[in-house]
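This document opens with one chain alone, in structure tokens, the form predicted on its own.
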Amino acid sequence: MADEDNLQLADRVKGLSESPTIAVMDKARKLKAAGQPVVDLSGGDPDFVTAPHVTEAAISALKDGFTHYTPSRGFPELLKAIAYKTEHENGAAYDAKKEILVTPGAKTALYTAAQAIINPGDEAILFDPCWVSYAPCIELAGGKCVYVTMDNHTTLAVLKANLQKAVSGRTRIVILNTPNNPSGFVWSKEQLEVVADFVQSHNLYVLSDEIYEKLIFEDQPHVSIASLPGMTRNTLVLNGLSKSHAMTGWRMGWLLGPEKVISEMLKIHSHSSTCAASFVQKGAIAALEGSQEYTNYMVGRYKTRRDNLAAGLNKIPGIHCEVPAGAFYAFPEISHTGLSDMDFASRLLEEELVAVTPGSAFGPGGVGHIRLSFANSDEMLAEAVIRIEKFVSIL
């Protein structure tokens, strides 16, 4: 019989941690399954159902037998819908036949992009704090992450200086996310212009994660860096329908970029995912081409929840919550409570059954914060504030 302890695994996975957000969500689900009244604010999963016209389109596709392989790049009608949406909403033109790749979820697109661009020893610049999966995808490709702090208080001059400090001869890509997960920060056109000048002068790619583009609550437009002069050559636009159309479980994402890199990514995609699910692609067409009233309704509800949650958190001694401009997360600072963000999140779940994500999971800039999703009901959010206040009061 083989000695299981001596069976070898790849070095690339030995130091890799599971997704912190998924880990907290799984723990919360187990407590719920055991009958515990958990308030789970850890994940980025909308509590709304998918719009009926989208679901009906997928069901019709199933009934019509549209259940086989599609072209690996994506169903032509969907590629055209994505190209049209990107040009008319975001001001960036990409060729539907050559410069778009449809994937089973935006996370798959991120992973595939890293595999296509990063060689062992190469570097990626990440704006801190940032989504938990950027660094692991770079590291799985053999790359190294270099963090640049970016928040509401970062001036254009400081941003320029920090980028110059971060770049090296091994830098290959810059990853930015607007609106930002976890902070809700929304990049301005002027800030994006600084990044555009930087990547063009150093001949780099920038991956622009725009998955939360529809979720902006202030009078500030979403700007895609790909829309800036000459930037389609340098930009990979990552997007999908999970957040904007409450379609997380559908696994529908895409990447737009220069033909040179998309064609290489297509090789990886064809050997791994083959294609996104056929009937899901039909639903995606309906989501893009159909009415957007349901999305607008969700955004209105999120804004109300954001306002109420931030106000409630700011009444708790030791907690300070800046009101996020976009996405559906609050990212309050909790360091003045005397606990680390890891201890705060762990004890809050154990003692008050409220699941949140520790801020340090999102990089150095998240230390001393926790992330709470307000993609949850008004009642659950109000209950969470009551429990957090109780928890803090006895520290």
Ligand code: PMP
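From 1 onward, residues are counted along the sequence shown. Fair warning: this is a prediction, and the values are worked out from it, not measured in the lab.
Separately, the form predicted together with the ligand exists; it is not shown, and the next lines address it.
- Within this chain, K282 is remote from the site of the ligand in the predicted bound form, having no heavy atom within 4.5 Å.
- At the 4.5 Å threshold, heavy atoms of K107 reach the ligand in the predicted bound form.
- When contacts are judged by a 4.5 Å heavy atom cut-off, E99 does not count as touching the ligand in the predicted bound form.
- Contact annotation: I211 falls within 4.5 Å of the ligand in the predicted bound form, judged by heavy atom distances.
- Only one of M252, V195, A325, M298 comes within 4.5 Å of the ligand in the predicted bound form through a heavy atom, and that residue is M252.
- Screening N177, S227, T86, T112 for any heavy atom within 4.5 Å of the ligand in the predicted bound form leaves a single hit, N177.
- Contact with the ligand in the predicted bound form holds for all three of N181, K243 and Y329, each having a heavy atom within 4.5 Å.
- Only one listed stretch (151-159, 91-99, 244-252, 305-313) carries heavy atoms within 4.5 Å of the ligand in the predicted bound form, and that stretch is 244-252.
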